[in-house]
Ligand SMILES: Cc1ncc(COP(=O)(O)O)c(C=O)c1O
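Next up is one chain by itself, shown in structure tokens, the form predicted on its own.
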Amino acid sequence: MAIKLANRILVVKPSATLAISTRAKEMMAAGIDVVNFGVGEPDFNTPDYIKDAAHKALDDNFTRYTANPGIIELREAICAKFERENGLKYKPNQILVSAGAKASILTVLMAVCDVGDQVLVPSPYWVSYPDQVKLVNAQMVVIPSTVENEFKITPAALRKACEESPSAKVLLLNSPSNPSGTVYNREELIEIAKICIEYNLLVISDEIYERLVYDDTEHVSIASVLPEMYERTVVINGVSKAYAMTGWRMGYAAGPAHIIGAASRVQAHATSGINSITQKASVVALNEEDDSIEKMRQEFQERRNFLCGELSKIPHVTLFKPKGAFYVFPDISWYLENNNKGIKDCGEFCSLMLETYHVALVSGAAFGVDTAVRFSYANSMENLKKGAQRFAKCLEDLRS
């Protein structure tokens, strides 16, 4: 007789972004020209100065166990980064280095959430948030938003969620956002912070796309907007997106020492930290940054401008130009209500796009908004042109 799985894992779903990417790769391996907008990682190589640091760590035989929360040099480099870029002062005992920002979020949730605690999550949300909340036996409360408001939650919506959620303990905030590219400004964060203070919420602030902001947009950490927020915020960040280091697996959490210490105890019995080579390379990435990071940001901005320009030409598609990350999240609800193929949701639409028009998109349902689709413009300009044309052709065929 098969052993019964734990209830917590029975409600966890596979990653939608990984699923669409897997199918796209299968088609590409079969010789089909697929434009893959599903992958959420930079298409640039890790800068040479970072790779050189990794080679040096190997040559120096830095290959043994390290301290569970991260080597002191790395935690000091992270503290220096926070003071330099965010105006936030942390000590090394307030930093936990983990195997990616995803692991950082999960360990913090495990450290603060009990059964029945409620986690407030603005929609659209990153695909892993719901399942991470389930894994710690907490309850997710979705706070809706609209494309007309650039997918930002309003203070009124947050207050309503707090009033209706007596066990609310955490607000999980993501700015810049995956999937929408939304960036909250300082004034908006102050209003959100006031409500969090009033209702005694901890904010887990996912800022992994912090360096990827465009035009005159300023990234602001909610931990810095009011003095009281410093002690009730855990900031999540890492090197994956800005430094093109997704496969290196380095994320980190910064916050009150007692929360970080608790999360560190969780990690000590799970992974015992991250690999030694990545840590040495990350020290150099943060301390000795060259102009390659800014060049990548500028290229992303150019791609964003092009893709938004092309998509905005399509009738009945609603979108705004995102201020951060590398995603566009257009609303196609008109086509779901007015098409000649009986398509009713974004999942069916994305299947049609992939199988017939050979473009891989991620359904907004994976992010809590079943009227939109996610494009990643971490892609070549050639693919952006080709993919936008195929997307427009599909929508034209649906209404003809």
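None of these values were measured; they are calculated from a predicted model. All residue numbers refer to positions in the sequence shown, first residue = 1.
The discussion below concerns the form predicted in complex with the named molecule, not included here.
The partner is absent here, but in the predicted complex a heavy atom of 101, alone among 260, 101, 307, 204, sits within 4.5 Å of the named molecule. The contact with the named molecule in the predicted complex, taken as any heavy atom within 4.5 Å, belongs to 249 out of 323, 249, 211, 134. Taking the partner from the other structure, the named molecule in the predicted complex has a heavy atom within 4.5 Å of a heavy atom of residue 40.
Using a 4.5 Å cutoff between non-hydrogen atoms, residue 126 counts as a contact of the named molecule in the predicted complex.
Within 4.5 Å of some heavy atom of the named molecule in the predicted complex lies at least one heavy atom of residue 178. When contacts are judged by a 4.5 Å heavy atom cut-off, residue 240 counts as touching the named molecule in the predicted complex. Comparing 135 to 143, 277 to 285, 109 to 117, 170 to 178 against the named molecule in the predicted complex, the single stretch with non-hydrogen atoms within 4.5 angstroms of it is 170 to 178.
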